[in-house]
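This document opens with one chain alone, in structure tokens, the form predicted alone.
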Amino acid sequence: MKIGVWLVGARGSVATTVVAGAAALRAGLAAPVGCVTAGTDFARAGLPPLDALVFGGHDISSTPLPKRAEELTRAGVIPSPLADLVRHELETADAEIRPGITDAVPREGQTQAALAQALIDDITDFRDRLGLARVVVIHVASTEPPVAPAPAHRNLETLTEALETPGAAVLPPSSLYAYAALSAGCAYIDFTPSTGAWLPALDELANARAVPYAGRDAKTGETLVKTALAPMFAARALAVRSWSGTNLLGGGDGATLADPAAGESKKISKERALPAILGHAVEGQTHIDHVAHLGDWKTAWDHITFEGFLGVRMSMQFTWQGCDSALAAPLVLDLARLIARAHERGRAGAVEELGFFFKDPLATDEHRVQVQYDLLRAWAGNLA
């Protein structure tokens, strides 16, 4: 039984690392370090094996995956000579990549419904032509600015009508991809903080089509540390007064987030955890700066002030440095396996148990990483 993994942003750094990494794991060329589902807690969940995954996707880039893998090798993201050893698998996946949408604004006389139908046709052709049992669509493309609520977002009937209006841009690109995925009967993952499936009308669509979805914004660095540390302060009754962070990013993600509008989506997502865990707002902001020379690496520096017994003032600092694609790629594989199994088991709508993987988890206010993991482990145990 083969499972399709349709990556939106299929020629980006994360997607390339996903395809190369999956091929390396299948061939025994690498260990599953960073793959949560490779642990014993998930051995009996009935998850599809890695060799069952077949890759394809949408992208606006024309750079082939083997070439992209060579670039990532020179950058130190993919170890040498791995890109050469898995070149066939990269070429096979690249042959299944179709042109994406540059934006969601239809040309004169066109509709977003027509744009969505073209995406749906690509996904269903992939599934039918390769005889796949099901397809998981995972959005790993660039972050979009926040989207203002609109009447068409409130329910499926109104959205369907609005999508048929010539020239109307009712949905942003990420949500148009989500609409296409759900309409095609595919599970959907919001790996970025873009709007994606996070609209009432799309939740209604997911339930109507009996497919699951999850998101948003995978936590791979600073926020992961926050959601581990903040519960410690809360449990020990230490009063956190401020928490400020500075994030330095290179590569395409850093360039995208240098745009204040797109950066706002990321900041909103990153700042949800602390108030939820501590029970109150704290002073401080999250800053995101683009440093092109860092390439695919990111650095986060956080400064925390807190009070102890008798109001004594204290502080803590930490620095996190990591390779974004290497941190993200195993989580993409985890999510593909988990939500494919959930779909097989008949789950529909938002899967809050997958909140462990996200900064801004859908359908839940739980942000404490250990609690999230316990919920995930218990849920996965019932998938068998």
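These figures come from a predicted structure and were not determined experimentally. From 1 onward, residues are counted along the sequence shown.
There is another form of this protein, the form predicted in complex with a further copy of the same chain, and it is not shown here; the text below is about that form.
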| query | finding |
| --- | --- |
| 4.5 Å heavy atom contact, residue 145 to a further copy of the same chain in the model of the complex | no |
| Partner proximity in the model of the complex: residue 351 to a further copy of the same chain, non-hydrogen atom cutoff 4.5 Å | no |
| a further copy of the same chain contact in the model of the complex: residue 43, any heavy atom under 4.5 Å | no |
| Contact flag, residue 102 vs a further copy of the same chain in the model of the complex, heavy atom cut 4.5 Å | no |
| Partner-contacting position among 210, 292, 118, 281 - heavy atom within 4.5 Å of a further copy of the same chain in the model of the complex | 292 |
| Whether 224, 228 and 237 all lie within 4.5 angstroms of a further copy of the same chain in the model of the complex by heavy atom | yes |
| Which of 167-175, 242-250, 91-99, 199-207 lines the interface with a further copy of the same chain in the model of the complex (heavy atom within 4.5 Å) | 242-250 |
| Residues in 286-325 with any heavy atom within 4.5 Å of a further copy of the same chain in the model of the complex | 287, 289, 290, 291, 292, 293, 294, 295, 297, 299, 301, 303, 305, 306, 307, 308, 309, 310, 312, 313, 314, 315, 316, 317, 318, 319, 320, 321, 322, 323 |
